[in-house]
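The chain below stands alone and is given in structure tokens; this is the form predicted on its own.
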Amino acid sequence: MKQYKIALLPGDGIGPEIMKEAVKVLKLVQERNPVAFELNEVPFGAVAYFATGDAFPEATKLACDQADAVLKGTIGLSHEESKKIPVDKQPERGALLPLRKRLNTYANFRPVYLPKELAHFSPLRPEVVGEGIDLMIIRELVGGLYFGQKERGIKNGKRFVNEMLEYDEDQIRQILIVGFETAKKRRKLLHNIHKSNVLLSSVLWNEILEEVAPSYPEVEVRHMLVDAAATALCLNPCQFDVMVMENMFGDILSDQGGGILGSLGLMPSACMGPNRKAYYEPSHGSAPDIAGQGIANPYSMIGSVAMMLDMSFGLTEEAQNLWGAMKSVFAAGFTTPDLKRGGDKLISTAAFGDKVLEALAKSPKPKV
């Protein structure tokens, strides 16, 4: 029996609620497969700051270092509550970016997946959605503007800010290889998203892509400016298979991907580093306005578990069973109030998780 350590970071807002459903799934997966999970729950985000004075405490860092994978909930507070924490210690700056840097999770996978069972959630017309949307956004996660040198102060009597966008060729090459490898396993189409008509960073990006591309002759590359890609995602999302891009472009377009699905609550993600070290998280925020009400849908959290089973633990068949279980709950007309559309049967966060468990338990056990 294989044994894995998983660090659980429930986080803030609705994070603990949807994490509970993820844990229920992990326990069922243990029963159905020759695998054992050692779960270690540790504080992270605003809740950690208020408890320890640090949004990413040393004990949490150690747990992440020792884990085979990290499952992270949502973090962050409302605008007003955030003011209670110094700017440099707020969850995003004080916890999330340091986590990415510590684990060097340079490759962010965000599936924009809308099968027929979920098509009614999308704001796009049925003829645009077609038979469904299935694309993967791959975002470089530890470089660019978010990690560059930052400065703010007073110059000539006026407040100013200076933030640096910096990449080297190794950072670019490693994420492009991930993009090509992913496209190779899918429909062999890679959209390279850039802004080379304005940014020198994109010029270098495209130069490195031309060096990498000959190693993947089976993959077709299509180049697209990031602003054109934003439009194309709304008008014809089915043209895409794999999209690869730098950090800030990926942040923005992946959220737009959630928009065409109908909610970021339908978008899990994986953040992968060297030697398959990874953390998994919902792409949405902590939704403090509905925290504690039991109305948040755990799809993106459970979907992140499915990605972890596949990408970190090699339990691909069980991961597919889990995706199917979640789709079946939506197909039966059930959803939580935060995702309500006309005619849906409303259930709580916990009830949705229970229905996923029921469906998963009925699926054929993976072959050993």
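One-based numbering along the sequence shown. Source: prediction; values computed, not measured.
Note that the form predicted in complex with a small molecule isn't included here; everything after this is about it.
Would all three of Ile14, Ala287 and Ser300 be in contact with the small molecule in the predicted complex, where contact means some heavy atom lies within 4.5 Å?
Every listed residue reaches the small molecule in the predicted complex, so yes.
Margin query: Please tell me which of Ile175, Leu71, Leu114, Ala296 lies within 4.5 Å of the small molecule in the predicted complex, judged by heavy atoms.
Written below: Contact residue from the list: Ala296.
Please tell me which of Glu317, Asp54, Asp338, Glu41 lies within 4.5 Å of the small molecule in the predicted complex, judged by heavy atoms. Looking at the other structure, the residue within range turns out to be Asp338.
Is Ser283 close to the small molecule in the predicted complex, meaning a heavy atom pair under 4.5 Å apart or at it?
Yes.
Problem - Contact flag, Glu92 vs the small molecule in the predicted complex, heavy atom cut 4.5 Å - result: Taking the distances in the predicted complex, the answer for Glu92 is yes, it comes within 4.5 Å of the small molecule.
Heavy atoms within 4.5 Å of the small molecule in the predicted complex: does Val203 have any? Answer no; every heavy atom of Val203 is more than 4.5 Å from the small molecule in the predicted complex.
- Message: Considering non-hydrogen atoms and a 4.5 Å limit, does the small molecule approach Met224 in the predicted complex?
- Response: Result no; Met224 lies far from the small molecule in the predicted complex.
- Query: the small molecule isn't shown here, but in the predicted complex, which of 161-169, 94-102, 194-202, 130-138 has heavy atoms within 4.5 Å of it?
  - Reply: Selected range: 94-102.
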